[in-house]
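Starting off, we have a lone chain in the form predicted on its own, written out as structure tokens.
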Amino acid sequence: MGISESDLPGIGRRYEILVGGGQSIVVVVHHSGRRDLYVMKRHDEDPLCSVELSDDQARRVGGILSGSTFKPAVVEEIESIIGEFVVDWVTVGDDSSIVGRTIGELRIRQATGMSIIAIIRGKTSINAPDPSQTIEVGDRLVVVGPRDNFRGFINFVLG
């Protein structure tokens, strides 16, 4: 899902979220606090529909969308299974002992209990990297694993 944002001088800020099916949601946040929400068909200038929300209404809708007021049963079930897990990231410094070595060579999962699920390298994302992937300075390693193991992973990367 891509999100772009841009300034609207004298008005506020515009956010566009690509949602698939050739559609996008455009949110304009005005300096006054008002929000305009548009559902757009790609390459059309006229919205399929639009809604104007006050600051308070927008915050309430945001809370609903974020799940702060109602949690679907499937989310509760998943959280009960992975509740003790964390998804986080660490940036590899130039003094890290893991620079220039592969994920497999480092045996990161065996050593820390954490699994690298992505590497963000500049503007490139390497999703589900295989064990032959070499770690470079500046890589952001996105990991998943037991919450209690994350501190050990940080020490492993920074050490």
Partner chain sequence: MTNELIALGGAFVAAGLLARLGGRIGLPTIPFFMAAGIITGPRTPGLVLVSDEVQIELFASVGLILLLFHLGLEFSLGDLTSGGTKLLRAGGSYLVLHMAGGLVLGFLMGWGTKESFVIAGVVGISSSAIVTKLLVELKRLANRETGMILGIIVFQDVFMALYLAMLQPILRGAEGAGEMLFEFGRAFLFLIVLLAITRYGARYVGRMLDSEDDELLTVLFVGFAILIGGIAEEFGVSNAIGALMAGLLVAETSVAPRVERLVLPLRDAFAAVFFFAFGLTIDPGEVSSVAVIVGIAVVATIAMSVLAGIIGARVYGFGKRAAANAGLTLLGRGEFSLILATFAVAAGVDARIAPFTALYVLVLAVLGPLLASESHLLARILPERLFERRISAIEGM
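Keep in mind that this is a model prediction, so the values were computed, not measured. Rigid core here is just the name for the largest C-alpha set that superposes within 1.5 Å across the two forms. Numbering follows the first chain given and starts at 1.
The form predicted together with the partner chain is left out here; the points below concern that form.
J.: Would 119, 136 and 143 all count as contacting the partner chain in the predicted complex, using a 4.5 Å heavy atom cut-off?
T.: No, because 119, 136 and 143 lack any heavy atom that approaches the partner chain to within 4.5 Å in the predicted complex.
J.: Ok, 30, 41, 109, 101: which has a heavy atom sitting within 4.5 Å of the partner chain in the predicted complex?
T.: Of 30, 41, 109, 101, the residue with a heavy atom within 4.5 Å of the partner chain in the predicted complex is 30.
J.: So in the predicted complex, does any heavy atom of residue 46 sit within 4.5 Å of the partner chain?
T.: Yes.
J.: Applying a 4.5 Å heavy atom distance criterion, does residue 19 contact the partner chain in the predicted complex?
T.: Although the partner chain is absent here, residue 19 would stay clear of it in the predicted complex, with no heavy atoms inside 4.5 Å.
J.: Give a yes or no for residue 34: in the predicted complex, does one of its heavy atoms lie within 4.5 Å of a heavy atom belonging to the partner chain?
T.: Within the cut-off, so yes.
J.: If we define contact as a non-hydrogen atom of the residue within 4.5 angstroms of the partner, is residue 26 a contact of the partner chain in the predicted complex?
T.: Heavy-atom contact with the partner chain at 4.5 Å: present for residue 26.
J.: Do you see a C-alpha shift of 2 Å or more at residue 13 between the shown form and the other one, with the core held fixed?
T.: Residue 13: C-alpha displaced by 2 Å or more between the shown form and the other one.
J.: After the core is overlaid between the shown form and the other one, has the C-alpha of residue 115 moved by 2 angstroms or more?
T.: No, because once the rigid core is superposed, the C-alpha of residue 115 moves less than 2 Å between the shown form and the other one.
J.: Answer with closer or farther for the CA-CA spacing of residue 143 and residue 17 in the predicted complex compared to the shown form; it moves by 3 Å or more.
T.: Compared with the form shown here, the C-alpha atoms of residue 143 and residue 17 sit farther apart in the predicted complex, by 3 Å or more.
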